[in-house]
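First, one chain by itself in structure tokens, the form predicted on its own.
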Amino acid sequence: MRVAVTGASGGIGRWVVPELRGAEHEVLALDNRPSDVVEGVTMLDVADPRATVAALRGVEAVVHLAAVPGTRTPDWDAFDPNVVTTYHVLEAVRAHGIPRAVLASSIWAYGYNPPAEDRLPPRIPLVEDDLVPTVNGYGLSKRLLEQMGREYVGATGCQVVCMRYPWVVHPARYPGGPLGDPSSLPCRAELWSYVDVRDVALACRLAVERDGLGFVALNIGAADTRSALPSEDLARRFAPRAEVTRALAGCEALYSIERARTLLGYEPRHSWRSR
């Protein structure tokens, strides 16, 4: 397929582009900055609606990765760009009848993030439907991104896969051991989740290649936690009020990736334990 990737020069995009090209897809790499890693980047500012609609003419799928990342402090700069650029991309999907779109969401869309990091989920493992109210600008931008995707699927019949990423780790940045203190508030709020950027790229390709999904939001994470402690111990020690809905095997991820496994055939290939 001819696949457009926005944010192609970014930390995730530079891995998604070669993953798609390696599977013999023709990739239109789009970014507002050049790249010394990704070949053939076409300059595009997705904040420009007309330029975005024009750039996406003729593609069969779009992977929208261009975004402003979130922070643990109030960030007034993330909300507008993340919502508006997604609207521009989805308008291009509608205008050109593009059948498939993949949108970069976040586990912050769940609501367990600043300023509510001490509010832990009522159930573990956490599944895609367990949302709580959020006022975090970044998390809210991702939740609205998902809602926009749902609306465009209903209006146009296209397919939109929203991928909820936890902390995305690059191979060169793995430490020599566990990824952080398991008792820390950020680790607990994110249920000790992470994902290797190479597995993010894999998931994007799988979502592009699937059809018939309509709208779906999926957790895209590692198969394990970032902690050396067994998952049962993590839940018992740091989330004692949460209902553990099934037996937890070893250090399995507590943001469930079962839906992505079922719908995409996604299986993470990388772990901090083996790097």
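Predicted model, so just to flag it, every value in this text is computed and none were measured. Residues carry their position along the shown sequence, with the first being 1.
Unshown form predicted together with a small molecule; subsequent notes refer to it.
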**Asked** Does the small molecule get within 4.5 angstroms of any non-hydrogen atom of S193 in the predicted complex?
**Response** no
* To do: Spell out, yes or no, whether the shortest heavy atom distance between V168 and the small molecule in the predicted complex is within 4.5 Å.
  => yes
| If you check in the predicted complex, is T85 within 4.5 Å of the small molecule, heavy atoms only? | yes
Given that the partner is absent here, does G11 sit within 4.5 Å of the small molecule in the predicted complex, heavy atoms only? yes
_in the predicted complex, does every one of A67, S106 and Y138 come within 4.5 Å of the small molecule, counting any heavy atom?_
yes
The one residue among D211, D45, E26, E243 placing a heavy atom within 4.5 Å of the small molecule in the predicted complex is D45
Here the chain appears without its partner; judged in the predicted complex, the stretch of 59 to 67, 202 to 210, 246 to 254, 223 to 231 with heavy atoms within 4.5 Å of the small molecule is 59 to 67
